[in-house]
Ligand code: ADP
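Read the single chain below, which is given as structure tokens and is the form predicted alone.
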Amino acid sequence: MIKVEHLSKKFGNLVVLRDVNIEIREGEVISVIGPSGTGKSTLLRCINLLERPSGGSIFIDGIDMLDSKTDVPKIRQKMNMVFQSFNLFAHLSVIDNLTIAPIKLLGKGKKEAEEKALGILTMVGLAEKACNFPDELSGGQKQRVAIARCLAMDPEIILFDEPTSSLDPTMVSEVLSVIRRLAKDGMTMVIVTHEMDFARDLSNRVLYMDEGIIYEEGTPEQIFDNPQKEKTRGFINRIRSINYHITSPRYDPHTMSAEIEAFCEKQILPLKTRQNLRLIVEELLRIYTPFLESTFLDITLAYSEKKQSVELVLESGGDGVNPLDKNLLPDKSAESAIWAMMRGIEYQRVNGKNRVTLLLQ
């Protein structure tokens, strides 16, 4: 249904999209997730040609959208879009909002259009609001009307641009329930969303966007349970982290200790966790310091809000050796103290670096 190849979009010198490639099959529900400002909404607007791409190609059901001969308004009749801000006609009643396009663009009679509109409003739970005006509706009701207006055009594809982002949390579920109904009925949909549980439950595939590209894609299980790339893992797990790059045994441990303490306070970590973390870092630095005469040490402290876990990652150069190998530690008591406060310790040789990952209790 949708094929995007090498799509790019620039606003002046600002590159928003670069080399985006997607294929979406009929009946698929695709969720697009990622941090703000990474091009998700721009991607939808380019697919619908509300923004003209700077490069690449877009095919909708085999039709080249960028061909000068393509009747773009006609394609849009089959590929509707739901926006964050509803975009209802304030001077028209709900039912008139639904019937104006089928009458003017599809040539339907008023009675036929109204009968269909009432059926759609019943489906989205708003039949009793048919004669109301948009300013008499709640945000959730307005968004359901916006979805109903799309459905009145018999679309084959619906693009959703963060359909719940401007809603009060109590209204989000009523909009999501309508989208779930459409997915069950086989509607092809591309949904830009920050509702992670919704994306996980509803999608056939999830696209994670970062830096203007499709950074990683896969099934919901792959993206949410086993993301392969670091930025995806950070976004999914809501990881907050700090990093230190040490190149000499003459580093400043006091500043580092103060910054770690401030990080822990900001994340509202339990006092016991903070105490253990301080002891572990002190012991690890004592072990690693002899190596710093000839190599570097990168320390990353990460807190995952979703997993409620604290992770320490230590990367160092040099030969392929685990600095925390029990057989290499001269002080066995130090090793015992570290292991007692850990749920797990893993060593890997990655890109010529020695990486040790420690997961705190």
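As the structure is a prediction and not an experimental result, all values here were calculated from the model. Numbers follow the displayed sequence, beginning with 1.
The same protein also exists as the form predicted together with ligand ADP; that form is not shown, yet it is the one meant from here on.
K.L.:
Given that ligand ADP is not shown alongside this chain, does Phe11 nevertheless sit within 4.5 Å of it in the predicted complex, heavy atom to heavy atom?
P.N.:
Flag for Phe11 set to yes.
K.L.:
My question is simply whether Gly37 lines the interface with ligand ADP in the predicted complex - judged by any non-hydrogen atom within 4.5 Å.
P.N.:
Heavy-atom contact with ligand ADP at 4.5 Å: present for Gly37.
K.L.:
Applying a 4.5 Å heavy atom distance criterion, does Met342 contact ligand ADP in the predicted complex?
P.N.:
Met342: no contact with ligand ADP in the predicted complex.
K.L.:
In the predicted complex, is there a heavy atom of ligand ADP that lies within 4.5 Å of any heavy atom of Asn48, even though the partner is absent here?
P.N.:
Judged by the heavy-atom cut-off of 4.5 Å, Asn48 is well away from ligand ADP in the predicted complex.
K.L.:
Please determine, with the chain shown alone, which of 310-318, 296-304, 28-36, 66-74 has non-hydrogen atoms within 4.5 Å of ligand ADP in the predicted complex.
P.N.:
Of the stretches listed, the one contacting the partner is 28-36.
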